[in-house]
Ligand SMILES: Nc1ncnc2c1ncn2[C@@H]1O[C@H](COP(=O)(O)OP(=O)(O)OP(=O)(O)O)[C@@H](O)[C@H]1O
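Coming up is one lone chain in structure tokens, specifically the form predicted on its own.
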């Protein structure tokens, strides 16, 4: 959405953009609106019951129809209760159902987006789109709709009844409505401004609170608890001041509105006194309508403000759904192989694992220069490729292309001799085992995490994978073995234990392509030795790519690609690169000297 469109805003507060999500609930919505209208009609009729009672039973001092009156009044009240119950129940059902559909749609859409989107947007930003924005939209589609039906119909109906009872007095009472609009216009901008400030401060408090939890170890290691506490207290104090200011402003606004309502009642008392002499019931009805009309007017004014705010939520949610992935399968590919969420596995060809970069030039979507230029490389099935370089050199670029996390800017990436774009992303991803530098486990047990690699794995297959990476020793020391809970993100296990479990998960899936992204960089020397010992066996019969910082781990690779400043500057075997005495030689000797010095000082 461009700036001009943003300023103009979406027509009808953007409601048209969420109508597709409401179509399946149209029966509920129609019944909810109908019951809301009935409930409003009863609220309009009730003062007329009181008018009749005062004029007939009090004024005429007769009780001839009291039994019928009581029956009708009771039936009307019961009818209103049933209508209100149905409308409220349907509003609740609609709200939670719309929220579910919106969040499911957003979450499914997120699964289709490429890495660049998640690199450019924070977790908090995405979380707000999926949870907070959808919550506001769901409330708009249910409670706001129901309340608007009740308040608008009550306002119109009350005005019509008042005019029918006494047009002149009704006109005097209704004159207060323009005054209320003017008052709201005066307060609206100030209320929106202070509320926006409060929300922004609240966002900063949430961010600081999140950092205080996730960064607890860093805070303690830097001994900055006092500084973090003071920062948090400063924000909460600021929040308190702004919240009090906002509350005072809302109080003034509410008092002003109540004052206006009192004026309406005063008009009825002043000009309606002559009615009371002969028509006590009519006077009472006017009092009820004059007082009751103030709440709908206030609600309508507030609802307009809420609609303006919710329009932003609709825009944000719509913009999320409008985001397109940088990596998209063609309609022809989807028709044959399916997509990420609905694969057609029966059409998937077996993958062997031959990889070829064919005249590939690549630039990241947010970059301003080419990372690869006319790069060509054949990686036969079963090869063990190492990618080395200093931290931040761009070692992950080749792996990202192999996994189709990004597409080549020009050129082709061939898998088994065919352009990877001729088959679906999921076809390729299902044959890749990826072990990250920072391992991630999902909440649940070790067994549940392992089965994510292969849901139908047998007990024998699970233990074979666990033993292949020497993770059986870790599991043997846990009280519940494979059924041990790993905690959120695997936090109940050490980094080394998490890495071995994630390695076993990748091996269990029996991938044709295995990728190790600095898998030993964040673990202890014992775990590193276990992973190194497992590499020789688990890489057999697979094409493997290993991103490594420690060069001692790549000496047996079939080919080593040396990356510097985002570009491949050297390639060859360990011996060939050492003989070249180039950049790899410099890195290797420097690292070897550092390790030797560390051993002497140990």
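Positions refer to the first chain, counted from 1. Treat the numbers as computed from the prediction; the structure is a model and nothing was measured.
If you look for the form predicted together with the ligand, you will not find it shown, but the lines that follow are about it.
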Proximity to the ligand in the predicted bound form, single hit among 427, 184, 406, 283 (heavy atom within 4.5 Å): 406
Exactly one of 494, 97, 311, 396 has a non-hydrogen atom within 4.5 Å of the ligand in the predicted bound form; which residue is it? 396
Give a yes/no on whether residue 102 approaches the ligand to within 4.5 Å in the predicted bound form, heavy atoms considered. no
So in the predicted bound form, does any heavy atom of residue 202 sit within 4.5 Å of the ligand? no
So in the predicted bound form, does residue 390 come within 4.5 Å of the ligand, heavy atom to heavy atom? yes
The ligand contact in the predicted bound form: residue 79, any heavy atom under 4.5 Å: no
Can you say which of 465-473, 365-373, 294-302, 313-321 gets within 4.5 Å of the ligand in the predicted bound form, counting heavy atoms only? 365-373
Output the sequence-ordered list of residues from 431-448 with at least one heavy atom within 4.5 Å of the ligand in the predicted bound form. 437
